[in-house]
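Single chain ahead, written as structure tokens, the form predicted alone.
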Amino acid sequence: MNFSEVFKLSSLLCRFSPNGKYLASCVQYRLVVREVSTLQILQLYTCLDQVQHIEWSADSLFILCAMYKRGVVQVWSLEQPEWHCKIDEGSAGLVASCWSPDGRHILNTTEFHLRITVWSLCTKSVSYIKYPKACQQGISFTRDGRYLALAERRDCRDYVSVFVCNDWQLLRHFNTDTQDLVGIEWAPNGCVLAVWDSCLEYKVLLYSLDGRLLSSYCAYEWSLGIKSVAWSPSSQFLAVGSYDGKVRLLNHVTWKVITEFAHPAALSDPKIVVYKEAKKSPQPGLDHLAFPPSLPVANHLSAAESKYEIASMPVSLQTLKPVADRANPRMGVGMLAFSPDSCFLATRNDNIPNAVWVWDIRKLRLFVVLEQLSPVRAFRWDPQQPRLAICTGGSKVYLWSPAGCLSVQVPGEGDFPVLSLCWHLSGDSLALLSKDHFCLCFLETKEGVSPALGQRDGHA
């Protein structure tokens, strides 16, 4: 395993291009585009202000930089560096910006969600969509890029409008049986739209493309309800994480629950493997006899190294008691992610924040639990295989696959707190993001060291 040198970064804005050739990162008002193979700077763009959001077009030819405070979006071209585009929303303001799947239209959401403006880069035409709802996940495109579903709020009722992305014409418009809709998401095959209510009302609704209600699901009443929702890549399962600490798995045939995954703090099943992260004390050796003595920083880093140990049953996991009299209590299943082959589901129960649970979907049972020393900040699946990367805000990255798991210290001087991470399309490298820096972790290396690998080497 190898690591690149460290590069500067602002606001965790670091994105691989969809074709995997480029890596874009922001340093305040500068946008830096590098070639992934060498990490050499390909283009350097200067924006009008500090950037809050960046996004690649689907064909990797353009990249947008949104400056919400100014209400401005700037678009840059990789093929024609001298070409640029500036979109100014003016007094309407700007709270969100995204690409359409064709990579030639930009959707800007104005302040107070008064409207969505659709800007065309080809014809310079402008279209408006009224009544978008201010919710967590109110826009969803089908994977083939043909349709857009938009959550709307009119006359104190929730609606969904389905648009054809070719000409932005309205295809379907229907009201949803929700009290306060907070999210919509198409199944990966584009045939079913999942709609779910706020945490005050447990309700999941499934609609067809023509607006027909296929099914409605409610697990319980009079308690906090849905916290997270995720489709499997195969579109066969819809996982619903709830505040009661359970994940319900709905199947695509009957849309009924086929199983419930609970997250107990005490485990006793001998078939479950529990990996516990443990501090690894430095081994006595010649390094400790060197003169002059090692620097304190180096001693600190070596002492902070950790490893995984297989715990013997029964196991008690560290729990966090939620504060009941505050909003958004730290309880329930807040993170869900399916592996690319739909064989595994990774979850985190927020009141057991140090643990990642991996479920075997083929056997519908708990497969592995990984308990970290610190609360889990993020986890991401390798796009090509069932391999999970985890970060906890420390200077380590953790990897799990069915073959086992390991803890890797990010090498270098000083501390590198990994706050987020993202995979390259090939699954061969991983971008590790801290507050002010980022580096690349190369998981598979061939003979010879490429220019991107030459600075910082670490092996596990």
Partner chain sequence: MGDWMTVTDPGLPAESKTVSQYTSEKKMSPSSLYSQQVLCSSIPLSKNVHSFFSAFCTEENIEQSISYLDQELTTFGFPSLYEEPKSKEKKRELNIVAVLNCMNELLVLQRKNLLAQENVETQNLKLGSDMDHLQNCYAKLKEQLETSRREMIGLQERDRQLQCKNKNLHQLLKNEKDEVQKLQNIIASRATQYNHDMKRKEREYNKLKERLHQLVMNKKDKKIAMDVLNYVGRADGKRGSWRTGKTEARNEDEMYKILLNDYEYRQKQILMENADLKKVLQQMKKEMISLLSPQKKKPRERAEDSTGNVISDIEEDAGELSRESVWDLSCETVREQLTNSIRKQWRILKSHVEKLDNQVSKVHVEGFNNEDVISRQDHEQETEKLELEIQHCKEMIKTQQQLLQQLTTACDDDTTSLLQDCYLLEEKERLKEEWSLFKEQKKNFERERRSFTEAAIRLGLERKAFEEERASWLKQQFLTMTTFDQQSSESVKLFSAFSGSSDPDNLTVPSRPRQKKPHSMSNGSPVCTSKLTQSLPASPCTSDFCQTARSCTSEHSSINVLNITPEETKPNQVGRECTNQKWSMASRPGSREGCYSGYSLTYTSSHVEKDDLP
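All values derive from a computational prediction rather than experimental measurement. Residue numbers count along the first chain shown, from 1.
One more form of this protein should be noted, the form predicted together with the partner chain, which is absent from this view; the next part is about it.
Within 4.5 Å of the partner chain in the predicted complex, a heavy atom is found for none of Phe141, Ile184 and Ser242.
A single residue from the set Asp210, Asp177, Asp269, Glu309 has any heavy atom within 4.5 angstroms of the partner chain in the predicted complex; that residue is Asp210.
Only one of Ala278, Cys218, Ile258, Cys191 lies close to the partner chain in the predicted complex, with a heavy atom inside 4.5 Å, and it is Cys191. Contact with the partner chain, judged by heavy atoms within 4.5 Å in the predicted complex, is confined among 315-323, 159-167, 349-357, 371-379 to 159-167. At the 4.5 Å threshold, heavy atoms of Gly332 stay clear of the partner chain in the predicted complex, well away from it. In the predicted complex, Thr123 approaches the partner chain with a heavy atom inside 4.5 Å.
In the predicted complex, His113 approaches the partner chain with a heavy atom inside 4.5 Å. By the criterion of a heavy atom within 4.5 Å, Lys130 is counted among the residues contacting the partner chain in the predicted complex. Residues Tyr147, Arg153, Asp155, Cys156, Val164 are the ones in 147-165 with at least one heavy atom within 4.5 Å of the partner chain in the predicted complex, listed in sequence order.
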